[in-house]
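Next up: just one chain, as structure tokens, the form predicted on its own.
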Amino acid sequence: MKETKMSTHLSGGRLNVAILQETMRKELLNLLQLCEGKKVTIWDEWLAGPVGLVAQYSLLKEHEVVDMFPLRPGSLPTISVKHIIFIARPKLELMDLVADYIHSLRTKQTSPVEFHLFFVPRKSELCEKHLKNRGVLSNLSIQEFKCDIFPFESDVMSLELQNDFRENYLEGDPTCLYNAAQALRTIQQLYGIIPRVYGKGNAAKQVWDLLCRLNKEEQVPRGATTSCIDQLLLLDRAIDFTSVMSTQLTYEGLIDELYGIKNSTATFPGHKFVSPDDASPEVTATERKRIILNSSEELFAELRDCNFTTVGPALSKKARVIKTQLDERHNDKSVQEIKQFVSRLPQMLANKQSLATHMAIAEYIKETTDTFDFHDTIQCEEDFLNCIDNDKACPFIEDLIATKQPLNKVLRLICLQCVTGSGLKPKVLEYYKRELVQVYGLNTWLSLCNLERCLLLRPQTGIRQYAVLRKTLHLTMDDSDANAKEKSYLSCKYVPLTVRLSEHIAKNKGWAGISDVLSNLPGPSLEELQSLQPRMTRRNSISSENSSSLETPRVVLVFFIGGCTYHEISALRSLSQQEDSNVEFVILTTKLINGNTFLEALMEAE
């Protein structure tokens, strides 16, 4: 049942993302069928969550997977099955773990066993050579599980690359760009050639060049000649750090900021989830509660993109509606009316449970958002976003350093001050660096060097690009200026730059009119025509039956190379939902991120 439910929340948009899920699922099941008999899978821990979005454990059990273990240092219990399958990314440290396991299991196993290795998304010669050097390659049957993209929502897909921005910008490893190009090729094979392509930034240009090369190398063109996607917009994360560094104030964004959302699941303390009819409230209160957050739950779909200030009133309104519905049972009814009420009862009770869950989550968030520290942080961010006092040392940041607040929090504010000021004055930059090293230790210097290499920290030179972009693209606004349509996706009264670029592409079908603006952003611009074929209306969609293809909303695929925040996703959804909008945005990203996870990937371990 769960499998069906998952698919339904993926197939609600004009781009049927459930097709992608089904393709990846079949790929995995076909590989498992190559190993006849009972089998055990040993998973790369990073992949276990994302692959769970494609095929859940219950489905794997139906295909004779009797147990699953994480691929981590240590030994396994004796396994009495014929097939042991390792599922891992092509990383050398993981190959060492595979080799250690094989050596360990060969000494323990009494019955004959076959070892298999499924590389995700593709194999690597370097890894195979490493396995050969460890003396285990001859024991392994190697396959590729070509799962490039993981479906999260009907409008959100992610490659879930662990450290893609760090690997590309710090370590000079372009593998993530190759994976991004392959993912685009997968999209075009499933949904057809996308006619118009736009892009901005170095990584966007590199991914496009790689995609062109891959298409040339493949002699026979694959995929439909026409596509249900009208435009592709490639955006390099490096063109807009501001949207990552500012705190997300949407409901889903704040859950991610405070508790972290991993593979559509968040974990919370248990004490607010204790219900009056709970059999063992003490146990519930101490256990951590895992909540699945996706649009298959009606209430979460309504709340996720709202600014958090509107979530409380929305929950109160929902509570009154549910109470009114449940109170109907006390009214005098005919037998027919009672039957109808009983048939609706399971859904009402599910809605009541859903409401209780989100009220508990909202209470947890409110505990943080009501603090003076949170308010001061948001006020500091708003000042930087409005170019107020971002050319001198910030007293609030100085206080945070003096009281030794978490380094991540301090660096995030300093980076925001730097990117909104188009750099820091050399004296201010040196002052911050000196203070940070003195308070947090010498190891902090390595993290600061990394941030400088990524241009998140840099001295101020020449023109203030952010100040120009802020005015020309209306990135910030006062309450009096805020359009009612835009209020729903304001975070710190700031609209992400990436969203403004997406909006321009959708309205103007190209970069025309903002070439001056683009020159203030790093990296080349891209505007290409892949196909002159008319677009294909999605089969079985409402529009294909009731209206001409001219009236059908256009689909724009926005590909964030280097990561995307939930705030940006909410902002793009809000644009799609505007009354005068004739565009549906679908988001593809290398990873779902927030300011904390983005900075953690760039920092050096203690």
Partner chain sequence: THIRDALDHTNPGSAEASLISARECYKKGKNDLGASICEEARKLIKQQSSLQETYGESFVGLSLHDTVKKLLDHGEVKLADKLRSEYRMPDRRYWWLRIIALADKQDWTELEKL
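Source: prediction; values computed, not measured. Positions refer to the first chain, counted from 1.
What comes next is about the form predicted together with the partner chain, which is not displayed.
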Q.
Whether 296, 344 and 349 jointly form a contact site for the partner chain in the model of the complex is the question; each needs a heavy atom within 4.5 Å.
A. no
Q.
Quick check for you: of 400 to 408, 155 to 163, 265 to 273, 288 to 296, which stretch puts a non-hydrogen atom within 4.5 Å of the partner chain in the model of the complex?
A. 400 to 408
Q. Which of these residues, 106, 375, 434, 132, gets a heavy atom within 4.5 Å of the partner chain in the model of the complex?
A. 434
**Q.** Partner-contacting position among 309, 371, 438, 515 - heavy atom within 4.5 Å of the partner chain in the model of the complex
**A.** 438
Q. Even though the partner chain is not shown here, does residue 446 get within 4.5 Å of it in the model of the complex, heavy atoms only?
A. yes
(Q) in the model of the complex, is there a heavy atom of the partner chain that lies within 4.5 Å of any heavy atom of residue 92, even though the partner is absent here? (A) no
(Q) Residue-level question: is residue 74 within 4.5 Å of the partner chain in the model of the complex, judged on heavy atoms? (A) no
(Q) If we define contact as a non-hydrogen atom of the residue within 4.5 angstroms of the partner, is residue 442 a contact of the partner chain in the model of the complex? (A) yes
